[in-house]
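Just so you know, structure 1 and structure 2 below are the same protein chain in two forms, each on its own as structure tokens.
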Structure 1
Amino acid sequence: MKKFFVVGNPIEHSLSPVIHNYWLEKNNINAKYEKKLLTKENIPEIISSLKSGKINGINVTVPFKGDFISFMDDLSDEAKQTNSVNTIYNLGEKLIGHNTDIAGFELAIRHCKYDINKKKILIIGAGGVVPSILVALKRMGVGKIFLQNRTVDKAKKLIEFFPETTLIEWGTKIEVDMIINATSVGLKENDNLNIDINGFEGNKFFYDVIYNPKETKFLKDAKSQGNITENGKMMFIYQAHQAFSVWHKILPKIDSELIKLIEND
């Protein structure tokens, strides 16, 4: 039986096993996908299990998406562009680091049929997921990207790699078509990003990478002002979809039963 893991710290909350095991069963694949709590010191051990074939592939999540890079024999273009690896697989004798968050975001935006071409976007946050969002937005032909982060230095460091992104001061209001919350604010009840959304009434697109809870305060407030809103559920499902297709050479079905599993968990 083939073995796959998602590794991270914390990992308890991860719904990746729910998705992958659902598809494994639906496609009659003799494999198991589990979660593993990791510390940095355990990385060489998991690398050697991947190399020996004891483990057939892993997904990497927070906070290790950068830490596996130096252990890879090769990186996909997506992993290189973002300096971030979330999917690892064996190709012959080589361990390949890949990034499916870019495609995850792109497919999620296409899924909700929002026409992003030439649009002005504001990203709030500068954490691990942001490089993937930036690459995806560029690929989709957006007009202009602004970014703000509570800690300015972190945003500045990020923008060194994405110089066409414009840094704006935390809390500054700006006229855009789409606002993306890429911070972790909203994961806990009562979390408040304290973004003033007055003046963003109607027809703007508010996107939150968070999918649990289903509706963060950021999305709730935006919706109450008549804006379009979307949470990160489909991005999460699509990044898994892409990883599954890399490992098993099958494009699994995203059906309503699967979506319900993610919503109800």
Structure 2
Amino acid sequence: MKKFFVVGNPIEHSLSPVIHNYWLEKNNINAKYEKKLLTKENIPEIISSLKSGKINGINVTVPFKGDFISFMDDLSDEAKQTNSVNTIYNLGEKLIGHNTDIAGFELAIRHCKYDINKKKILIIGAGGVVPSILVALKRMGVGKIFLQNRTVDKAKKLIEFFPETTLIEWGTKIEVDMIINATSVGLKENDNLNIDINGFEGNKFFYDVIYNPKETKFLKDAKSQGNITENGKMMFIYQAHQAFSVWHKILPKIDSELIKLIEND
């Protein structure tokens, strides 16, 4: 039986095993997908298991999407563009680092039928998924991207790779069409970004990359002000869809049964 894992810290919230095991069963693939709590010190051990074939593939989530890069034998174009890896597989005797978050975000935005062309976007955060969002937004013809992050130095390093992005001071209010929470703040019930939703005038689109819980405080506050809101559920599904196809050479079906599993788990 083949073995696949999602690794990260924290990892309890991850519903990746739900979606991958659903598709494995539907496609009669003899494999199992589990989640594993990881520390940086454990990365060489995971790499060894991948190279030996004890593990057949992994997904990488926060905060390790950049930490696996140096262990890869080669990177896909998407991983090179973002300097971020969320999907790893063996090709011959080489470990390949790939990024499915770009496609995941783009397909999710298209799924909710939001026209992003020429729009002004504010991204909150500078973590592992942000490079993927930046690449996807550029592909979709976004007008202008602003970025704010509590740790300014981290944001500045990111902007070195994406100079078309404008860094603004934390808490600054600007006129934009869409606000994206790309941080992990919201995974816990009492997490609070401390963003003043009232500072954004008009009917905005608030997007949170977090999918579990289904509605973070960020989205609740935005909805209470009459804004459009969307969580990261479809991004999660689409990035998993891309990873599954890389590993198993099958495009699994995204059906209502799967979406219900994610919503109700």
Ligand code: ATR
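Under this definition, the rigid core comprises the largest set of C-alpha atoms superposing within 1.5 Å between the forms. Numbers given to residues start at 1 and step along the sequence of structure 1. Keep in mind that what you see is a predicted model, and the values were worked out from it rather than measured.
A.B. asks: Which of the two shown corresponds to the form predicted on its own?
C.D. replies: Comparing the pair, one sees that structure 2 is the form predicted on its own and the remaining one is not.
A.B. asks: Residue 27: after superposing the rigid core, is there a C-alpha shift of 2 Å or more between structures 1 and 2?
C.D. replies: The answer is no; the displacement is under 2 Å.
A.B. asks: Quick one: how many Å does the C-alpha of residue 224 shift between structures 1 and 2 once the rigid core is superposed?
C.D. replies: Reported C-alpha shift between structures 1 and 2: 2.6 Å at residue 224.
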